[in-house]
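Presented as structure tokens, the chain that follows is alone, the form predicted on its own.
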Amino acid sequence: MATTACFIIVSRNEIPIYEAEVGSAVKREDAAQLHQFILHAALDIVQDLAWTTSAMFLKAIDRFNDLVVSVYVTAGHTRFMLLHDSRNDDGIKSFFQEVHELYIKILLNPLYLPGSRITSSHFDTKVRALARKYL
């Protein structure tokens, strides 16, 4: 598993709808804010790349010190962003694909309003389990 990993889902309106620290590293006090800042800074790059390629998995689009930002863009322009320090592209792609399936199941829920925050504990548990499995 990656020692540092932060996963975030950003809606098409640039609003974070899900966030999770999924790494196994010791948590620093300011780490969460630093991770959010790095991921937010990468959104502009994602915006430009999303329109130039038909691929959903954009691999490593940005770097900050030893951290890498990988992105998966859905057909509805929802972005799954992962800040990590590992080099496991196949595992990251599998993680994104399985989280995408979970996200589709959330969207199919008639009680979920698209674009609103995902608060399901079941979704959170599944995402963390996938992170342990693939990252």
Partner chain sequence: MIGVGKIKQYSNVLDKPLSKGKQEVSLSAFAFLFSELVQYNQTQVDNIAELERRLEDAGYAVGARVLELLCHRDKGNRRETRLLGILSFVHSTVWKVLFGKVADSLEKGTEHEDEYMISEKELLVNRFISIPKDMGTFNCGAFVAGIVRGVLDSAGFPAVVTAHFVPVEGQQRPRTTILIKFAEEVLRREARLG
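These numbers come from a predicted model, not from an experiment. Numbering follows the first chain given and starts at 1.
The same protein also exists as the form predicted together with the partner chain; that form is not shown, yet it is the one meant from here on.
Engineer: Which pick from L34, A60, L107, A41 sits with a heavy atom within 4.5 Å of the partner chain in the predicted bound form?
Structural biologist: Contact check passes for L107.
Engineer: Is there a heavy atom of M56 no more than 4.5 Å from a heavy atom of the partner chain in the predicted bound form?
Structural biologist: M56: contacts the partner chain in the predicted bound form.
Engineer: Would V73 count as touching the partner chain in the predicted bound form under a 4.5 Å heavy atom rule?
Structural biologist: Judged by the heavy-atom cut-off of 4.5 Å, V73 is in contact with the partner chain in the predicted bound form.
Engineer: Taking the partner chain as it sits in the predicted bound form, is E101 in contact with it (heavy atom to heavy atom, 4.5 Å or less)?
Structural biologist: E101: yes, in contact with the partner chain in the predicted bound form.
Engineer: So in the predicted bound form, does I45 come within 4.5 Å of the partner chain, heavy atom to heavy atom?
Structural biologist: Output for I45 is no: heavy atoms all beyond 4.5 Å of the partner chain.
Engineer: Sequence order please: the residues of 107-127 with a heavy atom within 4.5 Å of the partner chain in the predicted bound form.
Structural biologist: Result: L107, L108, N109, P110, Y112, P114, S120, H122, F123, K126.
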